[in-house]
Ligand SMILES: Cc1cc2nc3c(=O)[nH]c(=O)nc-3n(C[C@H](O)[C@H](O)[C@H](O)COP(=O)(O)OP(=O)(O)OC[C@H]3O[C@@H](n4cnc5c(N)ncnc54)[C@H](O)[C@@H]3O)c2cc1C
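For reference, the chain that follows is the form predicted alone, supplied as structure tokens.
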Amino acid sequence: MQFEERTLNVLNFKTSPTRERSVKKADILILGAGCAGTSLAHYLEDFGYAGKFVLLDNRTKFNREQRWCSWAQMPESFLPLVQKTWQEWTVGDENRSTVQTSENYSYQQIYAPDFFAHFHTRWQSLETPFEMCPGERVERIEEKRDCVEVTTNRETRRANLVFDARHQGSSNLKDVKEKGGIFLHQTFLGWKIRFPRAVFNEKNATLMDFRTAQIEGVNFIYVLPYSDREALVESTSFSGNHAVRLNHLNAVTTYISENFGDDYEIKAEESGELPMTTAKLPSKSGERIFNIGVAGGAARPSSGYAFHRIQRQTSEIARAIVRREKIPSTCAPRKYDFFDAVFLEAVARNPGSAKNSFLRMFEKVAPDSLIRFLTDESTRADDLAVISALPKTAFGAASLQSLWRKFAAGNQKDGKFGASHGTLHNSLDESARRLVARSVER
């Protein structure tokens, strides 16, 4: 194999020289110009927000290798940014595999540097009440009686509302680990590679290939082909511990060698980590401070998919602001909290059951029903189809354990056994209650 050296044509911002500290006022401050922060700024602009809003980020370069995928319908403004779509996908292991297609849904990918360049470049050139400030690092956030004061490395800013979209190092994520429950790490490392010959089926995306070493937790390979010669091959792990980089490298190298050969070039590398937790990530850090994006609970706990939920969360927030309505605190129906909690419980108790569950869901559930379930848009019939496909013994035990965790947490909080149990039971919709009933029966 060979590593290719190249210079990325990326968006670079020039930072202004340090000057005497001043106080600047805005209606809205958005902290972090990643996916969530940029999306919220876009929707505020798109919905015609008339106030002044400011987007801050410590970075001056937004060229990190990162790709966002979703089955959900993309907003019309994002369609030109979709790099690739797949109408066919595969899930399998050493013993079986299933290939599925859908006429109504496609698996779509957006390349993050393209997304940032599209919006950030345009914002730099337009004269609007919106201001983007790259290279500005947040040092302190203090909520006062009538505003929020944010101190940065350049100046002091005051705003009526602050939306914190920062993910890396978020205190929101650190705090939630101490609240009990399940907390797993989804870690991944992938290479975009190119062969000198045709080796890939560019029409088919491999979502999960479990033919890789199951060292700890759940491990699989993810393959997104861009042509018959070029693809992203990625190793992913769901585990209670941080996966070692060397394990991911070994998994990717071995998989490519055994399935495609060794005569390839590595064009790029991406890696990252996402939280998978049953704990509720708070949507607010104060009366005027809101958490959005991954640290604000916009990543689906059982899968790590975040792009669709971030778009729903930020668009609904922007719409509420423009309409002067109450800012929503959730980004998906509550029933998915229960489903995800059961799934994470099963992964923590028995990783092998999680692997089998993924295989059974893709084999036994109609593609459109499963996609609606995975994108928070499922009907009651869809929910029951997914529940019916899951291994009953493993998920029955997991559902009972998950319910006990919720009950114990509620009982500890209000000190009332009956009230806690009743509140928990009433919070579930009918399909979730049926899952519990079936689990208890078995």
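So that there is no doubt, residue numbering starts at 1 and follows the sequence shown. Because the structure is predicted, anything quoted here is derived from the model rather than measured.
There is another form of this protein, the form predicted together with the ligand, and it is not shown here; the text below is about that form.
Heavy atoms of every residue among R137, F188 and I310 are located within 4.5 Å of the ligand in the model of the complex. Among heavy atoms of F373, none comes within 4.5 Å of the ligand in the model of the complex.
At a distance threshold of 4.5 angstroms between non-hydrogen atoms, H42 is out of contact with the ligand in the model of the complex.
The ligand in the model of the complex is approached by E270, whose closest heavy atom lies within 4.5 angstroms of it. Although the partner is absent here, L384 lies well away from the ligand in the model of the complex, with no heavy atom inside 4.5 Å. In summary, the region of this chain contacting the ligand in the model of the complex, judged by heavy atoms within 4.5 Å and restricted to 290 to 298, 355 to 363, 92 to 100, 332 to 340, corresponds to 290 to 298. Comment: the ligand is not present in this chain, but in the model of the complex one of R166, K192, H120, R154 has a heavy atom within 4.5 Å of it, namely R166. Contacts with the ligand in the model of the complex, taken as any heavy atom within 4.5 Å, map within 29 to 48 to G32, A33, G34, C35, A36, G37.
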